[in-house]
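Take a look at this single chain in structure tokens; it is the form predicted alone.
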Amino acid sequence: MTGTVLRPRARGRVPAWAIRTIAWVTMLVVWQLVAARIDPRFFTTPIAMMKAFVELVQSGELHEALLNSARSLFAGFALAVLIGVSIGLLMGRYRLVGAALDPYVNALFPTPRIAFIPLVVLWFGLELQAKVIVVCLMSVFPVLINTYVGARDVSKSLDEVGRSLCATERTILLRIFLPATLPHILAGVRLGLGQAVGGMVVAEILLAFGGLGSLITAYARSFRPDYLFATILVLVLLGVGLTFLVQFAERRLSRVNIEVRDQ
């Protein structure tokens, strides 16, 4: 009589969303239990944070601060993308420009940009444009460096095709190098977004601007960690939302590139 071969029971894989949900619920429960034993002047619970968040929304204070911060964030980051993409393309396209500017980029990139804030205040005062410049300074280098690397790695055959069609230098730069560099540009934009949000908060905290950074400072000084964490939650959601939009654009771009190559 032959023996029966026992096969291991197939185990279903746990969905990723279920693992994430369990991790979040576990974190919130542990946070609630631990924070409930701490002085509320120094820490807060998730329940208290959500109550503070609702109160901030109902009072309109959060809405006003968010709009104030969003103006400087989008203006400063748009300026950073414009400068970073323009200079990065020129550095990657023209060897002379790359050789001339590369030492400055290598010197300024590791330098803490927060050290330039006093100089920004000296030149631009304490108006909105100062915060825009700070956001730009904080976020321009990831965009610039990624664009530079992407433009430098563009295949020479594409350049030769453009020249064989008698395309002008401007057409080659905008119609060949820019599309070929877009994946690198979007990667730099995604990296720069976090720097931009951080620069916005730093400017608002250090320079006493309005916005979410000022709310954080005010609630920290008044020992209201529930409102402080509620404001930080808004910053987290803002950063996650913007990053999701850029990742969505990256996925769409990659699909378009695949479809174009298959045609």
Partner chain sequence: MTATYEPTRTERLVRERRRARRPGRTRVRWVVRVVSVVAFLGTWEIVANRVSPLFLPAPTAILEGMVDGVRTGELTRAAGVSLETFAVGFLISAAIGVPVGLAMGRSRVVEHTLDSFVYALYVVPTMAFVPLLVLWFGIGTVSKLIIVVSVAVFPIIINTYVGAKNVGPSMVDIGRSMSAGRWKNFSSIVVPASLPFILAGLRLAIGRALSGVVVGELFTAISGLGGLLMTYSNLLRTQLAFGPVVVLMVLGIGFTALLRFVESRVVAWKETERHSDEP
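No experiment lies behind these values; they were computed from the predicted model shown. Residue numbers count along the first chain shown, from 1.
Here the subject shifts to the form predicted in complex with the partner chain, a form of this protein not shown in this document.
K.L.:
Give me the residue from 49, 207, 66, 35 that has a heavy atom within 4.5 Å of the partner chain in the model of the complex.
P.N.:
Checked against the cut-off, the match is 207.
K.L.:
Verify the contact flag for residue 152: yes if a non-hydrogen atom of it lies within 4.5 Å of a non-hydrogen atom of the partner chain in the model of the complex, no if not.
P.N.:
Yes, residue 152 lies within 4.5 Å of the partner chain in the model of the complex.
K.L.:
Test of understanding: in the model of the complex, would residue 197 fall inside 4.5 Å of the partner chain by heavy atoms?
P.N.:
Yes, residue 197 is a contact residue.
K.L.:
Does the 4.5 Å heavy atom contact test between residue 184 and the partner chain in the model of the complex come out positive?
P.N.:
Residue 184: contacts the partner chain in the model of the complex.
K.L.:
Wondering, does residue 24 line up within 4.5 Å of the partner chain in the model of the complex on heavy atoms?
P.N.:
Yes, residue 24 is a contact residue.
K.L.:
Heavy atoms within 4.5 Å of the partner chain in the model of the complex: which of the stretches 187 to 195, 128 to 136, 67 to 75, 80 to 88 has them?
P.N.:
Partner-contacting stretch among the options: 187 to 195.
K.L.:
Give, in sequence order, every residue of 88 to 109 that has a heavy atom within 4.5 Å of the partner chain in the model of the complex, or say none if there are no such residues.
P.N.:
Heavy-atom contacts within 4.5 Å come from 95, 96, 99, 100, 102, 103, 104, 106, 107, 108, 109.
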